[in-house]
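Two versions of one and the same chain are coming, encoded as structure tokens; call them structure 1 and structure 2.
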Structure 1
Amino acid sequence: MSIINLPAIDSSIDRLVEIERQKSNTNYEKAKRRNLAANVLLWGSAALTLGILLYILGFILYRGFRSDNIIESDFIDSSGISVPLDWHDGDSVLIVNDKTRLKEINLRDLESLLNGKPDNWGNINSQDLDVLPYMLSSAKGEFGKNTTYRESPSEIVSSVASQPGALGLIPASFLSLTENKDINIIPVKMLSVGVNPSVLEIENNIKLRYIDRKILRKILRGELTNWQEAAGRDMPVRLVLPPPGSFEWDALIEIAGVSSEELAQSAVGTSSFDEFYSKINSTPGAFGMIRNDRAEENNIKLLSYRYRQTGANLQWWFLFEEPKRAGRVGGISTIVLNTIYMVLLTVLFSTPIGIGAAVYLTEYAKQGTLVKMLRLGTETLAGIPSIIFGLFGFIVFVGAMHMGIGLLSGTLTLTLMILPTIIRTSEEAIKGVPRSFSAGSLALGAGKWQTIYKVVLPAAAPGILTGVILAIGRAVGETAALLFTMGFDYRAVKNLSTSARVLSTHLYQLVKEGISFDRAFATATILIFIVLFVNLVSTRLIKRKY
């Protein structure tokens, strides 16, 4: 008879329990680390996705509300209110009617306006206004046929204040006449960067393309002594100073931000403009600030000047003015209306058909091979590129059915494109309604259609409306499907066969033709707000009703 060693058994059991406890703790720690890693991965992915979306949206909205461009021009971004012009003695002041959207203008554009080319402000500030120039009678015969001459500065001020699109030049000494008038004082950019031809020559495949304000100041202060430091050729910089007391001299001192004694020590002084122009043309590496209209007269080469231009972009007038000249001038009011008409018609055509098809597939059709093929076809159509729908619409609606390129053809094409989305989302919404709802309705004596209309569809309405909202969002932003079917007429549509331009195609045209990236971003911002408005309103209606 064997004797059982109880203490030994207890010790073994304790060891086994301890081992299992350690395993359990280890497994728990591993599971905890896996869960933590999974949570970090999920939250990180969500945060990254949200961050990217917010960055894209924020960038578009920023550029939509604010213009931010890098400009390369012959003119320096320094302008004064009082400027010396050849049309009368002393300094002049440019005034425009306050309804003319203008912040500044360069001398070349000003001369063009005064000579009647162009005769509309659209080419200058994208505003559809006729240019109405007024000058003193002492300058009679110097400008275009559309220039009107007045005997006194006060008459010019009165004429400019009373007519939108009017501009005039008056002596700076009469600036007080503009007080309490519907007039804006406009700075005129006159100065350019003149250089000796040697500065622009290519050396070792290197050519100086432009300078900016930072480089300009360094040259004026003597901190930059070789063009190589400005990404140019290896050649000493020789600053040529204009005659002291001149307009160019005062502007140079202002830009340099130093006194005349602190200018570059190697600068070449001049006592007359003839000497100034001669020094620039004859001194290798020479540089000077020169009036733009004097450069061509004296055969002086100009160097491009780069600067950053910022300001408000999207403004109220852009939303309410009609577009002109293929969208280059004016706003987008009629284009917004065309977009609204397109969305309303697309919803009118697609929603009943899409919901009806979903009801048939879920409630009436026999769930066999045919229905499976129909669902497969619907899902396939939902993934087809929109350009294919555009080609189909062009062949069928525009060509075979002779509807022409217009609102109806484009709307029917969009209807076909968004139908798969509406059908599939509506199907899933109807399937999500508990069968007990239908059974209860039928048990109370209601018919099949009554049950669908009174019970199933109201219960599935939130999901159906969500699908419709998604479809509307796709329709509003669609471009490719409309290129061949709706056309590009920016005027308001008059009937269903009228060609119409909507926001998405307008945006496409602005970018494709390089008309204006500022106008393109402003249009994109309006498009985003329309989509957000539709989504917010629809979501609010769903919550309020269901």
Structure 2
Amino acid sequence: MSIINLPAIDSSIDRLVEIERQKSNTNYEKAKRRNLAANVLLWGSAALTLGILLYILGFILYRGFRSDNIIESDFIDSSGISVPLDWHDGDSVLIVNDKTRLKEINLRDLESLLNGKPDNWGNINSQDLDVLPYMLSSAKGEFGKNTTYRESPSEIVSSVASQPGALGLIPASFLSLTENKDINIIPVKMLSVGVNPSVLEIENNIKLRYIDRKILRKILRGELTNWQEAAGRDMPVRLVLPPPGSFEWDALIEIAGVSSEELAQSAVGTSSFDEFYSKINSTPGAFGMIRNDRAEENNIKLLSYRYRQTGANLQWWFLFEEPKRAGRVGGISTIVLNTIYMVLLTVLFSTPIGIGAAVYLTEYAKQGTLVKMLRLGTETLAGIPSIIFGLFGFIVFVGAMHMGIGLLSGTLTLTLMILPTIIRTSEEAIKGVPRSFSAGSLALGAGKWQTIYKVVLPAAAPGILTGVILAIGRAVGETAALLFTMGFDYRAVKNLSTSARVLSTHLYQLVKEGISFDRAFATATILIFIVLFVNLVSTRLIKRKY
């Protein structure tokens, strides 16, 4: 029994209420489903973003620390320690001083080093060192001017051990007698893929450009019988075998990974090198593994070999060596130094001005139209593309103010660029300081400036610092604004008007001039670590505050 007696006319409304309630129950189910869908969407996009971020960062760091390149070369990626060179009787071994960063070398590079062209390691391993070859005196006169001849292998070993950049060839038989920590034994790549000229002819717009290890092995084992299967023309593959027992023979067996009986059935055997080379040149579709230095004299056409080369990329030396030859050689020490100068100067210029402006805007200026316009102005400036700042810096600082392209023009341009950020974040930080702080200070008899300087700014410091760090992050990575204002000299700056290359512009040059992706990624990695370091240090600083 209801206590309140509603008029009868309302019962229809009651029914309506009942119906709506029921509906709302099904609505509830619908809402639940919608909720789920929204959740899935949100989580999905969050996971996607995170995934992409990690992928990018991971990719850059991976390429920074590991060089991983596809190489097309005349040489097969298999090398031997003892190599049958004509300069000695029997096999030879290449030794270099262990200050020389070298893991392996190919025969052509080795020959040019021994001939004294180039006389610097730069082109071989991007190390700025003089090449100092040592040979046995039995080879006297065969090599370049800078080669020194020694009577015995042990003299070569001790000479090589004592000079960075030294290399020498000693008989392999002597090696077991040598134990010296200051020398490294370097494997030499000697073999190339020689083919009959017919293999390289164009047919139906198709020309065989290269083979890789997989194809090479298939050919050796007889699993690939037509060049078509290796993306070449329609022509049977004829494997020509070197004389059994030769260096080439042993290498071939090793690469094939099978015993000599299991080599390709159709293989053509030879008993002498003359026969070997002439068979390759006379048999259509012929293929043979030959020593690179014999190709020219025997008129053999070489086929490119493609392989993946991996190894360590970024190492400590890269940070501490001076760059040479536009960054092809050496490390990036001076560039890191220039970057640090640039950041310090930019912070020096922009922080006082930025904080001063923020203090003026929040504490002194009458909050009216003028301040609103100023604020709009700074916000607009913050959104302008940096290249336009660069253009402005070029016209005003470099040109009109006669500062020239250099550190000062560059940092002033950067200062203009990051000032809006610093002003905005400092303003927010100052506004975030409780009014009770300044009230407390003023009530103790402090003046307005004293209060701002001693109470408000220190309390706002973490926020201001965050802004400055954001700005440093931008400055460190900025390229466009520096292109026309700071220059590209990779030596350490001497004064404010020296042209200076920094990490970002170095990266730009490395990629633009196609110098080296490995170096570009190594530089990028350093850049990332600098930003990370700045962030870490600053969070420490912020935490130490009260």
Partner chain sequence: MRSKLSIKELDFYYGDFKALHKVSMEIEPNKVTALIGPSGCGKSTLLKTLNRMNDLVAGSVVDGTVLYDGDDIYGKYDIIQLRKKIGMVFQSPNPFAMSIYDNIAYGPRIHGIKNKKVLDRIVEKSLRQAAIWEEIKNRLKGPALGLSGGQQQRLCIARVLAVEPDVILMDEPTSALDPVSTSRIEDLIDELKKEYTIIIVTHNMQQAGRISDSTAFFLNGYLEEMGATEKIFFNPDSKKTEDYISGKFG
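Everything numeric here is computed off the predicted structure, so don't read it as measured data. Along the sequence of structure 1, residues get numbers from 1 upward. Rigid core: the largest C-alpha set superposing within 1.5 Å between the two forms.
Remark: structure 2 matches the stated condition (the form predicted together with its partner chain). Relative to the superposed core, residue 455 shifts its CA atom by 2 Å or more between structure 1 and structure 2. Residue 346: CA moves less than 2 Å between structure 1 and structure 2 after rigid-core fitting. Annotation for residue 259: C-alpha shift under 2 angstroms between structure 1 and structure 2, rigid core superposed. After superposing on the rigid core, the C-alpha of residue 433 is displaced by 4.4 Å between structure 1 and structure 2.
On rigid-core superposition between structure 1 and structure 2, the C-alpha of residue 377 is found to move 2.5 angstrom.
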